[in-house]
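Next up, structure tokens for two forms of one chain, structure 1 and then structure 2.
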Structure 1
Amino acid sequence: MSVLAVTEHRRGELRDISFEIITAGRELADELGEDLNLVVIGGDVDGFAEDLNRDGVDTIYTVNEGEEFNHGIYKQAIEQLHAELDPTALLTPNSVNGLDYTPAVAESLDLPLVTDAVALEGGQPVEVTREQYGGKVETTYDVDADQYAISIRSAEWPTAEDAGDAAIESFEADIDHDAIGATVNGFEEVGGGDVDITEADVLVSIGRGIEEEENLPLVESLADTLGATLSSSRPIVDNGWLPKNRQVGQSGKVVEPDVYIAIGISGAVQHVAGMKGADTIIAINTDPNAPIYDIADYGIVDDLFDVVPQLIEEFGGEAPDV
């Protein structure tokens, strides 16, 4: 028996969740006393397998079918590999792709499925923790089954970094191409798509404390001066001041920068859900009791309209008049 974890790539690049699922999978496999096997499906499978060869992985199965994600190929390949390996746990990313094929695979294999796991405790039964009510409540499910499927949330486990010595095996899946109903024809970026805030090392993030759209150049100037990327809380996007792809949070993007500077952001649970994985969190807020200070590493309790111009000047920029 083993843990089988499915990796994910898009447009030629492995996604961070592929390395997080190695950590989650290894922890679970250790608790179960089993091997950790990965599968990578489609694209440059040999190159991906090399990158995925991290410490703790026993075998990486490559399925050389298609370039981008395809529901039909993933479903058939995972079902066939599952039949071959007979794993205790099937782990998948709780991503748009993962949520597309995991329920179909679970239903087809008659596996109990828990989605969006934020913590796992291996054993019989396995304990799977999920968040509910926007992160206000955690619920732990006991899955009392010999085999099960779990999709895991991104940014909850650290990425596996150290090189490994996994075996790499090609798995010849017998794909019925006539059974594939849909294909990915291409990608179209949503407005402002040149910027991917999930890739930024430093994020300057602005919230309702900025008061008016006319004041945004102030934080844009700070971001420019620091070589950072601008992101925001939801009200800024709801007001139409920044495009949706800049929103951090539960209904926005989950980010993991080295530094996250939260300016005029209160730290509501729905926002924190998207940025708590940042290495260093710096908050600027007039309210010393703002919840953002519960998770901030450094804080400046002051008016952003006084602090931000000083920071810009300190780092060699010129603050605009707002």
Structure 2
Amino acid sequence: MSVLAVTEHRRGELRDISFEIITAGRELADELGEDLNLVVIGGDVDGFAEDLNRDGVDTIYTVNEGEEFNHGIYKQAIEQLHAELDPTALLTPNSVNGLDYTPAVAESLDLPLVTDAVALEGGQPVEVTREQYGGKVETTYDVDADQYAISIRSAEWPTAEDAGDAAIESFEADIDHDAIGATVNGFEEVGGGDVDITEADVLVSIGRGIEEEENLPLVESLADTLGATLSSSRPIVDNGWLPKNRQVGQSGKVVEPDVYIAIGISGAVQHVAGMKGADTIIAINTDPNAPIYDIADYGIVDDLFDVVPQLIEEFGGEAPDV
């Protein structure tokens, strides 16, 4: 028996969740007294396997089928590898791709499935913790089964850093291409643009507290003054005030800047999931009970329209009239 963890890549690069799932998988495998096996499917599987060879991994299986994510290939390959290894736990990323194939695999293999896990404790039963009500409540589920599937939330476990000596094996999945219902023709970033907020060291992020689109130049000025990149929570993108590629959160991008300044952001769980990996979090919000203060290192409980102009002037800028 073992723990089998599925890794993820996009546009030729492994995603951070691939290294976080190694940490989660290793911890669970240690508690179960089992091996940790990884699988990487599609793309440059040999190159990916070299990068994934981190301390604590026993075997990395490569499935050389396709280039980008394809539901049919992932489902078939994971089901066949699962039948080969007969693992106790199947761990997958709680990402857009992971949530596409994990329920289908779990249903096909008759595995109980818990999604969006933020903590695991091995044993019989295994304990899986999830967050509810905007992160205000944690619920622990006992999964009393010999085998199960769990999708894990990104940025909840540290990335595995140290090099390992895992075995790397090619797994020849027998893919029925006639059964694949979709063809992947390429990858297009929603929202486009030349700004990648995941690469920013400092993010100034705005939420619905900005009230109106006409007030955006105020936070844009603060970002310019600090040499920061502007990002936002989902309502700003839903209103069309900023493009999709600026959105932080579960349905946006996961960021890990040195400094994250959350302005007028309440701290809903969907947003927090995308930014709580920041080294330092500074929150500005009029509501002292806003969830963002539960994770903030520094907080200013005040009106952003009073605070932001003072910050701009303090750092040598000139606040616009809004």
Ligand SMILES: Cc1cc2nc3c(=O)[nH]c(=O)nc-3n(C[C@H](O)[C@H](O)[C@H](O)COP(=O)(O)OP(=O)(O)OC[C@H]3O[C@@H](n4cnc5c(N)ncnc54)[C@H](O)[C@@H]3O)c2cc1C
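In this text, rigid core is short for the largest set of C-alphas that superpose within 1.5 Å between two forms. This structure is a prediction, so every number in the text was calculated from the model and none was measured. Residue positions are counted from 1 along structure 1's sequence.
Looking at the condition given, the form predicted on its own, one finds it describes the source of structure 2 alone. Shown in the overlay between structures 1 and 2, fitted on the rigid core, is a CA shift at Ser232 of 2 Å or greater.
Here Asn97 does not count as shifted, since its C-alpha moves by less than 2 Å between structures 1 and 2 after the core is aligned.
Positional change of Leu120 between structures 1 and 2 stays under 2 Å at the C-alpha, relative to the superposed core. Taking the core as reference, the C-alpha deviation of Gln310 between structures 1 and 2 is 8.7 Å. Aligning the rigid core leaves the CA of Val202 displaced by 2.8 Å between structures 1 and 2.
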